[in-house]
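First, one chain by itself in structure tokens, the form predicted alone.
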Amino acid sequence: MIVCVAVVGHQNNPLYIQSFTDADDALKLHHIVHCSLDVIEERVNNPKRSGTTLNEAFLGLLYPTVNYKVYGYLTNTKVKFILVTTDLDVRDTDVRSFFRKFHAAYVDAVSNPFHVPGKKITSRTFAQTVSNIVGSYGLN
């Protein structure tokens, strides 16, 4: 089950965070998203140790916790997508597919002429699209 998705800007500023759980867990999920930024920076700065290549957008499993698995995706513009799931048995192909659709929705949202680059994404259409993507994977 997907519990949180996030878009983080190239300066590590949160552009969009959506949790799909109770309000009590939202702060914990924000903390998990924030902690995952350190792992992404480490993988980008040390590609030989992490095993990922720099041209690979999908960063894979960033780190597991007791209750969650955190996955990452990095765009060419250094915008980071983060996925937090409670399902401990997720296939990488499903996560890659999710990130491709999530990235396409992000591109549509920031292509809006009224969107200010680097600012939070407040589009209701984007939020609805993300909810539909999460729902289509049956992980929510």
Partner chain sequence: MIGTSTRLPAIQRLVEIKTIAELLHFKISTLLLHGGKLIEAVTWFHQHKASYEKVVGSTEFIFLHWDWMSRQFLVFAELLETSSATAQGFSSLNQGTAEISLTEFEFYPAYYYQLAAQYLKDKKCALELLLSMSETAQEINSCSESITPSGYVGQFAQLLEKGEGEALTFHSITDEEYTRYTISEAKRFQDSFEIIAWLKRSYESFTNLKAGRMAARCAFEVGREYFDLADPNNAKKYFDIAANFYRQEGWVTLLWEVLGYLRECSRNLGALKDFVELSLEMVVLPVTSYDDSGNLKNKNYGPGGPATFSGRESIHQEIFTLLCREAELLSSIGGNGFKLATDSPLHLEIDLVSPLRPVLLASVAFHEQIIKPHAMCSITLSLLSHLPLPVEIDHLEVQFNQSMCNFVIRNSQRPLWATSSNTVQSGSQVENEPSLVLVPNNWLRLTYAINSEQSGKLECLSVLAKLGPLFTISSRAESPAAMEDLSVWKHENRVESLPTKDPVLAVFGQKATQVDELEPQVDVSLGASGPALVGEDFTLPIVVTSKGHAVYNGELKINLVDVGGGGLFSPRETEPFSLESHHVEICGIDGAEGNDESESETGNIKKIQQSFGLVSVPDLKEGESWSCKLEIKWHRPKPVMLFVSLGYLPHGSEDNTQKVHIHKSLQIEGKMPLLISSQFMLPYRRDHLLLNKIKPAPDSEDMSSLPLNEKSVLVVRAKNCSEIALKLVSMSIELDDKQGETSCLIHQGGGCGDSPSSANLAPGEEFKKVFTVIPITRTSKLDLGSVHLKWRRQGSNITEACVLTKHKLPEVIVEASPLVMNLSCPPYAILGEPFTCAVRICNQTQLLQEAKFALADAQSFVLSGSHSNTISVLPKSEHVLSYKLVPLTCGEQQLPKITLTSARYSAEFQPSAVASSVFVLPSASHAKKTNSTVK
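What you are looking at is a predicted structure, and each value in this text was computed from that prediction instead of being measured. Positions refer to the first chain, counted from 1.
Omitted from view is the form predicted together with its partner chain, to which the following refers.
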- Query: So in the predicted bound form, does V134 come within 4.5 Å of its partner chain, heavy atom to heavy atom?
  - Reply: no
- Query: If you check in the predicted bound form, is K28 within 4.5 Å of its partner chain, heavy atoms only?
  - Reply: yes
- Query: Can R43 be called a contact residue for its partner chain in the predicted bound form at 4.5 Å between heavy atoms?
  - Reply: yes
- Message: Residue-level contact is defined here as any heavy atom of the residue lying within 4.5 Å of its partner chain in the predicted bound form; does N12 satisfy this criterion?
- Response: yes
- Task: May I ask you to list the residues of 28-43 that have any heavy atom within 4.5 angstroms of its partner chain in the predicted bound form, in sequence order?
- Result: K28, H30, H31, I32, V33, H34, C35, L37, D38, V39, E41, E42, R43
